[in-house]
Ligand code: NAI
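First, one chain by itself in structure tokens, the form predicted alone.
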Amino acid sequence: MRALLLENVHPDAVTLLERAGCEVQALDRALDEAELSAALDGVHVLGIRSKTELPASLLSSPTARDLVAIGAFCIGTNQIDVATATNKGVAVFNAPFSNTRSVVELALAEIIALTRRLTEKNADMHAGVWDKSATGAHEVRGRRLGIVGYGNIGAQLSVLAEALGMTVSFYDTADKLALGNARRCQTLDELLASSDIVTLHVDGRSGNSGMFGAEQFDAMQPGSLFLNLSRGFVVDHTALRRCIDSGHLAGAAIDVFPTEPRSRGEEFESQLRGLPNVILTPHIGGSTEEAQQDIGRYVAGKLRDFVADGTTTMSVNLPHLALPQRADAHRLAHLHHNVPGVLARINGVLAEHKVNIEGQLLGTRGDIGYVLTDIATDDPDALVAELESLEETVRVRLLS
């Protein structure tokens, strides 16, 4: 098995995959489509972060024919055409929980920094200006935090913000249980009108594109603060700049941008540059050594288990299956279109070859079905060829 890991994935991921028998190539940057298309030839496992785009054209290219699994060493998978990956029989994994604490801590640090006007005080001190005034500086205790998106990050931020003495409101389109004393808002406008600080923690679904623009900024309280540590494309930065310049907003902290450099050292361009009351960070919400190590181990472990024994627990796009391995059997992993009778046809092929089933597990997810079957036979290759010829088959792998 050959693995290609991009964007400076943690070394623990390399070590784990190498110990599993993979030949690993690790690069410290993202690749564009042309570069990646060439690099994918003969690659079975691909690891990326948020900068690498995997569109349908790339996943359908001849050079991607050997690809069996993609690991997103981050939370989101919107940079991957997951539907095409599924149709090609490629499993997709991500790390939905590993960097939650790191993002939450950055959000809290930025909330305190903006509320105390630390960015401006710091700039003045470096310029030789001593200004000990308390004007415009506040405690976070007693202030109302409005969280848009109450998933793993939003919920944990809610708990820690309350521990600091903040009052928490949240808005989410899904029905989420409020933690602690947090109050659920029925509409986004309700949250915006009542919050001293608004922070976005929404996911990368296409429907969230441009969700926060001039109308939403104008609905926020005068003198409030705005944070976005979710996705760059959800915020209209022109409207944000206008509200900062006019004084309607007292400050902002932005960690994600509509267009971001592909690698360290490239020039960063943004209309938000140069504003003393705006904190700009280079998409580092989850970039702590602890989070990156956890992500590296977690995603690499999922890739290893899928390659070795077909386990799909926590897969983004395939049914979640985990069948205990038998040392005395071959394992077939069969991905197919979810239509009636497929399992009977698979087992019919095995029966025709007089093959005994030692263990079997089936799962379905939408239009896709997935079967792991342990069999006792001396000639599994003949079975693979016949199973591949079934009309419903998407992909068959012989794992052992």
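Bear in mind that the values here come from a model prediction, so they are computed numbers and not experimental data. Position 1 is the first residue in the sequence shown; the rest follow in order.
Separately, the form predicted together with the named molecule exists; it is not shown, and the next lines address it.
Undergrad: Indicate whether the candidate residues 173, 208 and 229 are all in contact with the named molecule in the predicted bound form, with contact defined as any heavy atom within 4.5 Å.
TA: Yes, because 173, 208 and 229 each have a heavy atom that approaches the named molecule to within 4.5 Å in the predicted bound form.
Undergrad: Based on heavy atom distances of 4.5 Å or less, which listed stretch (141-149, 298-306, 215-223, 317-325) is in contact with the named molecule in the predicted bound form?
TA: Careful reading of the contacts points to 141-149.
Undergrad: Looking at 284, 129, 159, 109, which is the one with a non-hydrogen atom within 4.5 Å of the named molecule in the predicted bound form?
TA: Exactly one residue meets the criterion: 284.
Undergrad: Could you check which residue among 312, 99, 86, 169 gets a heavy atom within 4.5 Å of the named molecule in the predicted bound form?
TA: By the 4.5 Å heavy-atom cutoff, the listed residue in contact is 99.
Undergrad: Please check if residue 255 has a heavy atom lying within 4.5 Å of any heavy atom of the named molecule in the predicted bound form.
TA: Residue 255: contacts the named molecule in the predicted bound form.
Undergrad: Residue 105 versus the named molecule, in the predicted bound form: is there a non-hydrogen atom within 4.5 Å?
TA: Flag for residue 105 set to no.
Undergrad: So, residue 204 and the named molecule: in the predicted bound form, are they within 4.5 Å at any heavy atom pair?
TA: Yes, residue 204 is a contact residue.
Undergrad: Flag residue 197 as yes or no: does it have a non-hydrogen atom within 4.5 angstroms of any non-hydrogen atom of the named molecule in the predicted bound form?
TA: Residue 197: no contact with the named molecule in the predicted bound form.
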